[in-house]
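Encoded as structure tokens, the following chain is the form predicted on its own, with no partner shown.
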């Protein structure tokens, strides 16, 4: 089951783009040696379970909801922040179950999303009238966001700190899920304050509230059927994912396990390869090709049919169900022109198509604040679904950067958040996220559309 000429460290012989500029390789080896001795964060049977569910999603039997922070920070490893993210994902998934009439696979972008790719290795700012150049912020797995020499110096011990905080996050998530967190059988308790905003049409407001009531009535019916069925509703399955960017970290947590062939990356259930690191001759593809995990790959508008062919040949040569997910991030204006040729290149081979409507729709305001438009995000989703419908393929999931908190990072939505209001509570260290209300509204809109246009 291990591919030819592959090992968890064979990637080291190839160019690794986005590699952090560590100045002490001995300290890196010490940190990764520590990681290699620590217990795994997830198990191989959880990974195989997710792969089976993704295989069903490829066949149109399930839908995937993947979401969470653009970049986790160790400072946000707090019970309230974790619970908020989990709650909004659970609530969105129930709305999608209702609209799509299909079970939803829930995958969080957390418990490991501590590394971020950057367009430049160094950043220059004007500090007190002089230019200062420091390493870019590569996420808390590498350095810190503060613009000081100490914060920006890549610290290998952050690899261990990232593992520790991922373990704490996972432990809390599992405890919440096992305990029936978020009262899924009482959606009438959800915060639907956004439905009262003037920006929302009377018709749409009534439909949201009607759907919420229908969900509530359905759950109460399930309560009447007996405790066993309620157990199914409150004890949901939940999986984790993150971008497998820092290969020193990922390979240190990649192991063989008893009674299963091959190697598993036990840092997460579903690692993915980013748009910047998917080169066929690069270190990331070399590392990922040997894993038994399900793999995601981001595809932007520059991806070619040849790229798709080579990615499939390298990552899933045996056409294994549930193994390969393509996460498209085209941008609303490019979906119709770029996505059809990639779908045609895949043909009949097993791939799960997921839409990331966030990354292709980022822009900066006149004052230099990075943001995303709710309308562009929705348009990206709608056009992606239209392309798949025309091609006879199934849009099997969505991938959002979101938070369960009341941040002001993306403009628009029912509340009509303006560019002038972005500074109110803009706390993301990297990319803008949907807030609680925007996330739940998007779930309602997507469920409504996919119910009418499956």
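Quantities reported herein were computed from a predicted structural model and do not represent experimental measurements. Numbering follows the first chain given and starts at 1.
There is another form of this protein, the form predicted in complex with phosphoenolpyruvate (PEP), and it is not shown here; the text below is about that form.
- Annotated contact segment (heavy atom within 4.5 Å of phosphoenolpyruvate (PEP) in the predicted complex): 115-123, selected among 85-93, 374-382, 115-123, 332-340.
- Relative to phosphoenolpyruvate (PEP) in the predicted complex, residues 53, 292 and 323 are all farther than 4.5 Å at every heavy atom.
- Interface membership of residue 274, defined by any non-hydrogen atom within 4.5 Å of phosphoenolpyruvate (PEP) in the predicted complex, is confirmed.
- Among heavy atoms of residue 72, none comes within 4.5 Å of phosphoenolpyruvate (PEP) in the predicted complex.
- Although the partner is absent here, residue 359 sits close enough that one of its heavy atoms falls within 4.5 Å of phosphoenolpyruvate (PEP) in the predicted complex.
- Using a 4.5 Å cutoff between non-hydrogen atoms, residue 165 does not count as a contact of phosphoenolpyruvate (PEP) in the predicted complex.
- Contact with phosphoenolpyruvate (PEP) in the predicted complex, judged by any heavy atom within 4.5 Å, is made by just one of 263, 106, 109, 284: 109.
- With contact defined as any non-hydrogen atom lying within 4.5 angstroms of phosphoenolpyruvate (PEP) in the predicted complex, 431 is the only contacting residue in 405-442.
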